[in-house]
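Just the one chain here, the form predicted alone, laid out as structure tokens.
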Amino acid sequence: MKRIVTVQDISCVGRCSLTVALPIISAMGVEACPLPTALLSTHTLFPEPAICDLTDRIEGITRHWKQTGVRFDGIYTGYLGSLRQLDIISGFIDEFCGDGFVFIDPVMGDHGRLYSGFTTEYVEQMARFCGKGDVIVPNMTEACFMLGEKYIGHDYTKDDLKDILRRLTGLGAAKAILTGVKLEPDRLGAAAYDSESGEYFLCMGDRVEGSYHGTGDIFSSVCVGALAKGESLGEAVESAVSFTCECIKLTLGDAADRRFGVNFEKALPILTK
């Protein structure tokens, strides 16, 4: 069985980060090993969550892994909350990557703005960190910040997307995926580029009104599981778009607070087929 380590925070309430990654990757028949960077009572859309930073614990965990000789077939990084964590995980990739792939989701902003606490220096270091990846998966906001481009919303053409994707691979990763791509009013999806083969991929699903927390983590987790199983980049993106759309549809009739995320649990059987 393939073994993936996923490096990101764990929010005890609110489906995102590790509480999304672990069940999705596991359902796809891939062992998912967490390396938690922080423990939060809820994710940050809830006011004043209790937060326990785990930066000082990361090196102890990885030191023990090295002693036991554990290896991973892939490394998947999500939300990293500080420059120090970026530096530590950069070293972790050097130590544990081996012949596996490195999948980086540069979580730091959306809707044209950086998340609270992130700075220009962090953006610059994240862009360098992405050079360690085999696959990077920014949303349009994160891509624009890393490339020094002005964010213009959803008014992009297919040629614009190709140009952005090519420039993203210029950061060092051979493959890049852009999420939150909108070319038509009622369609939303992702675009990808493989600089080694020169192939572009575009996969779109039905757009649903509203904002749904944690869907980016769902998308990335499915991509990681698919790539670990040997699917191509295009197949992985198609699987991730399809599953994310299904999760949103299964949430539409639920009157619960949307901050709790989407009902991805109901869609997990799709991944086991």
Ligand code: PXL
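When you see a residue number, it is the position in the sequence shown, counting from 1. None of the values given here were measured: they were computed from a predicted structure.
In what follows, reference is made to the form predicted in complex with the ligand, a form of this protein that is not presented.
Student: Taking the ligand in the predicted complex as the reference, which of 44, 62, 242, 26 has a non-hydrogen atom within 4.5 Å?
Tutor: Exactly one listed residue reaches within 4.5 Å, namely 44.
Student: Could you tell me which one of 176, 171, 126, 107 places a heavy atom within 4.5 Å of the ligand in the predicted complex?
Tutor: Answer to the contact question: 107.
Student: Whether residue 40 contacts the ligand in the predicted complex should be assessed with a 4.5 Å heavy atom distance threshold; does it?
Tutor: Result yes; residue 40 sits at the interface with the ligand in the predicted complex.
Student: Does the 4.5 Å heavy atom contact test between residue 115 and the ligand in the predicted complex come out positive?
Tutor: Residue 115 belongs to the contact set for the ligand.
Student: Do residue 145 and the ligand share at least one heavy atom pair within 4.5 Å in the predicted complex?
Tutor: No - in the predicted complex, heavy atoms of residue 145 and the ligand never come within 4.5 Å of each other.
Student: When the contact criterion is heavy atoms within 4.5 Å, does residue 16 count as touching the ligand in the predicted complex?
Tutor: Flag for residue 16 set to yes.
Student: Which among 66-74, 244-252, 53-61, 213-221 is in contact with the ligand in the predicted complex, heavy atoms within 4.5 angstroms?
Tutor: Of the options given, it is 213-221.
Student: Of 67-83, which residues get within 4.5 Å of the ligand in the predicted complex if you count heavy atoms?
Tutor: Stretch hits: a single one, 79.
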